[in-house]
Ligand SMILES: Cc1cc2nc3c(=O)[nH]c(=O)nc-3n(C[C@H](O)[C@H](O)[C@H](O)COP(=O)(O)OP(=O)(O)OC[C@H]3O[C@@H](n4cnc5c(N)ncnc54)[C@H](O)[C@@H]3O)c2cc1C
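Only one chain is shown below, in structure tokens, and it's the form predicted alone.
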């Protein structure tokens, strides 16, 4: 039986809900605060749109850490392969990169969004309302919006909120919706920055010499957790893919101890014995810097960082260079956030137990995942689960 569904939020989760619901014959009214759709999606895709990851699913779901069991269920229900199939449906061919990440083959984020939204706008059961900012939600599912024409109330039958997290405010992902949901008594966890940079007390010399320099092909470790990749040195500290992969654990360590000591392996493809053997080849005429550059293939950034952190360079510290991280950068600089609507207050179909008929999808849910396609896959899989719930009247 066709239903009238109200969606608030025009990012990937909201747009995917709309796409699936229209395929099932429902009527969809979508509201977004902005003058255009998918702003964070567009900005995130500027450097290459990483849609998902080709990793084997048992390993894939471990990236959701505390929510691994839940996301094992969600992602087995809507898999990375399913996401690639959806892309194919809207005319977007995908490919798997050398790192296992999945990208669109030819099209940029803007063209993908255009293909996607055209299919929605062409559907007779779809109604788009832009420049509608949500300012209140009532238990009877009455929504109040600020519009260019003044306040407007909408009495909804079924609501999907897909309003994003609390980072990148310029895209509308500002977390202001949290107050509206908490007024309804919906369980909520405070936001924290994730996939973010961390602050280090660098010397003025290092800041001047290495601002925006990169450490490539290194491995970071924090206790038993490890992440290979790239790190960028910034005036405030470090950021980059390897840092983002450990950001949740770094945050936890800082919360507990007011700091986190990570270790940098500058030569992860060499054993400690290999590093020792190369280190000991130093010729009398070579400076230590030249020796490290020629025999261990360490670049200027690595050598400067070693000199910054150590009084005396030795092989052990090339393999395990300690670095003290003091705090995370502000939420608005983060790629994503943890915190949001708690799963404990929701049904298996991500419907509020407090307000039946009110569903949640995407980054506004309390989960986090590293960049590399895991975050976006989580948004699609939660959206799929919401639509599945709406299509099962008894929620069996």
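Predicted model only: the values in this text are computed from it and were never measured. Residue numbers count along the first chain shown, from 1.
Missing here is the form predicted in complex with the ligand; even so, the following discussion is about that form.
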Which single stretch, out of 127 to 135, 293 to 301, 270 to 278, 68 to 76, brings residue heavy atoms within 4.5 Å of the ligand in the predicted complex?
127 to 135
Interface membership of residue 57, the ligand in the predicted complex, 4.5 Å heavy atom rule:
no
Residue 251: heavy atom within 4.5 Å of the ligand in the predicted complex?
no
Taking the ligand as it sits in the predicted complex, is residue 40 near enough to touch it, meaning that at least one heavy atom pair lies within 4.5 angstroms?
yes
State yes or no: in the predicted complex, is some non-hydrogen atom of residue 160 no more than 4.5 angstroms from a non-hydrogen atom of the ligand?
no
Considering only 368 to 386, what residues come within 4.5 Å of the ligand in the predicted complex, judged by heavy atoms?
373, 374, 375, 376, 379
Is the CA-CA spacing of residue 107 and residue 102 tighter or wider in the predicted complex than here, given a 3 Å or more change?
closer
